[in-house]
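In the form predicted alone, a lone chain appears below as structure tokens.
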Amino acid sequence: MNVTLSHLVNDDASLISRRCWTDPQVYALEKKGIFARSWLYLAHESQLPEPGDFVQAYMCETPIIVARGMDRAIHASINSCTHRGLPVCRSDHGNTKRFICPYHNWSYSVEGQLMTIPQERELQHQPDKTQLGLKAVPRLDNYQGMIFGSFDESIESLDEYLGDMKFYLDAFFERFDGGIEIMGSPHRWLIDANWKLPMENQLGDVNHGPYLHAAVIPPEANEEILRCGYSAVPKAGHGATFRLMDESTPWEQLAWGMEGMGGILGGTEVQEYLRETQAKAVERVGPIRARMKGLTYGIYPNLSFLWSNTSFKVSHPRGPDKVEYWSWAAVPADAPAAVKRVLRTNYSSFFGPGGILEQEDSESWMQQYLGANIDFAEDRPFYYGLGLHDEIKPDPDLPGAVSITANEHYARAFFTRWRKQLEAVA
């Protein structure tokens, strides 16, 4: 690069160059330094209940098939034939025994092994098919049903990678006897923006809500965030933003699900399910986490989770100037089918490509990219210094660096890690 990374992100990450969002050279380093060396979210195991089930995914711009093999294990393979490179799977999801390349009909098992080459019957010397399977993702792991993959064979375990982020994840996942499940296929849409801003938005930026989303978010919701809100960085790059409610808070104001349209308008059956779930919360997750009302979570580098709207989101880069955003609805796996259908509206009413909050966010992300790409403004980097010199004391009950939601420490931690990983490959 013709500029050092310290000029892109300064030492305390309070100044972020506009080039971080627009420069093709920066994006090339991101692919090498971040996406090649991180754990990346692929799918949830609830999407693959039976042998032969598969879904498509991406690791950066590399297409991936995630499948449950006939051995019932999860396998992940690059979706590219070893003969001429065509995709061997063209369905977003389904169940199959074979993936078949349309060009020459080479066929592969769901585990990725090459099974047949029709042309080999004409040859005197057959190739060794055991060496010609789909390229496997070398590292796979699972946490709370979330399947992650990495191209880095020597990467730390997923457990170590998540670190104290597990404390905050479990505050949600452990509430439900059967865990959670993904309901339906992902919404997917392209946004003319850089992949990092959607991630940053969900990592901890809740303070834009009463301004950008003023038509939907009432003043009392913002007051609750100001009074009870916390932003935690359990490990640089990860983030959890939540409210820690008072012990006297009525269950209707505390229970997961009651903030959404499904909880508010879903009727007696839905509200009784949510009440019973909250009643078990202390036993299941402990007294502190039972009082947590989550807002936004982020797992480095590009997975987001919205607690109250129960949505998983992945920010798939498509170059420095475009992101393919994938968004799934999640529901408790043990809920009755009728309750699941209603609770899904907690997601669809506000998020997904038709949700009003999603549209307002997407418009802002596109405008930010335009602002990052204008001429004669390189000497005005973006300011990330809110809360820079505020003291952050260890919290006896909450792991990581914990501060108020207005403190941009979550974003500075992200870019500190981002700069370090790019420096390792620059």
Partner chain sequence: MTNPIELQYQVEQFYFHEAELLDNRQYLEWLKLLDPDIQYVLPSRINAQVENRLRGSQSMIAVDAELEDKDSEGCPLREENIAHLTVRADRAYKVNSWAEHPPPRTRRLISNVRIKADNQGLLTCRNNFLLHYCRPGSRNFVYSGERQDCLSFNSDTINIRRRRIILDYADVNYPTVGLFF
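Residue numbers count along the first chain shown, from 1. As the structure is a prediction and not an experimental result, all values here were calculated from the model.
Unshown form predicted together with its partner chain; subsequent notes refer to it.
- Heavy atoms within 4.5 Å of its partner chain in the predicted complex are found in exactly one of 221-229, 80-88, 244-252, 352-360, that being 352-360.
- Here is the short version: of L132, A136, L190, M115, the single residue with a heavy atom within 4.5 Å of its partner chain in the predicted complex is L190.
- A heavy atom within 4.5 Å of its partner chain in the predicted complex is found for exactly one of S109, T345, S150, N207: T345.
- Using a 4.5 angstroms limit between non-hydrogen atoms, A329 touches its partner chain in the predicted complex.
- In the predicted complex, its partner chain sits beyond 4.5 Å of every heavy atom of L197.
- Among residues of the shown chain, M366 is one whose heavy atoms approach its partner chain to within 4.5 Å in the predicted complex.
- Proximity of L370 to its partner chain in the predicted complex falls within the 4.5 Å heavy atom cutoff.
- Scanning 91-113 for heavy atoms within 4.5 Å of its partner chain in the predicted complex gives S91, D92, H93, G94, N95, T96 in sequence order.
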